[in-house]
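Before any questions on how it binds or moves, here is one chain, the form predicted alone, in structure tokens.
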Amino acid sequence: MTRKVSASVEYESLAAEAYSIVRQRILRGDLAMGQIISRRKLATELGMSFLPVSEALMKLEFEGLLESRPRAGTRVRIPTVQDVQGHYIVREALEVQAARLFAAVATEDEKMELTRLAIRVDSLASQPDADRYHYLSLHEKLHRRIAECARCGALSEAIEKTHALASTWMCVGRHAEGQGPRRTHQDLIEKLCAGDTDAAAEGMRRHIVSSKDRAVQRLEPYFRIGATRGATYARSARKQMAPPAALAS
């Protein structure tokens, strides 16, 4: 019995490790949208068996970061414009409510914390050579903390689940536009900290709509590719939409 429990714990640990590694590579851009992931090559690279790697990729597929098709394999998911628009409709509903609650109940210490975090996020966003994963982590933390300070656990959990997809989409082409100082998140937090719940909700609504518009613009080339080649996965690295990386097959 002890051996079975130990084996189960080790299996879960390996699956969690594989999940974390692949998710991080997607968010860093090391695995681009449309890029094939070979489960067997990944398992070999990580020194794991096939099963925990398969479980990790299934979880990422459930979260919307990957997609699989019979006899075609697994790749980083290419969204449709409807996917993006629907995603931001959900985010708007959740985060506007979080902003309204934050404005009503956040403490002065929490407001100061979020102000400092917004400065860091905007600073990284203005640097074209900034570490992409670091930026994404801080951006995700900022929005998560707004929800946490709203004092609603269910709302906070729902918002956290929406951010992996948004992180992937929002950083397509981000480095090319990093020019000059930005105050996007500082302006947002100022509205939330002013104590006017309606103004906070409207500020968040505009922030999310602006993010959606930028995501749709950046992803336009992928929408076209997905429409013309979405049903076919290229097995050859030369024919993939993204440059081949260590996990491409």
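Numbering starts at 1 and follows the sequence shown. Because the structure is predicted, anything quoted here is derived from the model rather than measured.
There is another form of the same protein, the form predicted together with a further copy of the same chain; it is not shown, and what comes next is about it.
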_a further copy of the same chain: the contacting residue among Ala72, Leu155, Ala130, Ile119 in the predicted bound form [heavy atom, 4.5 Å]_ = Leu155
*Asp187, Glu202, Glu67, Glu55 - the one with a heavy atom within 4.5 Å of a further copy of the same chain in the predicted bound form*: Glu55
*Three residues, Val105, Arg183 and Lys191; all within 4.5 Å of a further copy of the same chain in the predicted bound form via heavy atoms?*
no
*asked:* Using a 4.5 angstroms cut-off on non-hydrogen atoms, would Lys59 count as touching a further copy of the same chain in the predicted bound form?
replied: yes
_Residue contact check: Glu92 to a further copy of the same chain in the predicted bound form, 4.5 Å heavy atom_ = yes
*asked:* Contact with a further copy of the same chain in the predicted bound form for Gln97, defined as at least one heavy atom pair within 4.5 Å: yes or no?
replied: yes
*Check whether His134 has any heavy atom within 4.5 Å of a heavy atom of a further copy of the same chain in the predicted bound form, and answer yes or no.*
no
*asked:* Given the stretches 193-201, 22-30, 47-55, 213-221, which is the single one in contact with a further copy of the same chain in the predicted bound form, using a heavy atom cutoff of 4.5 Å?
replied: 47-55
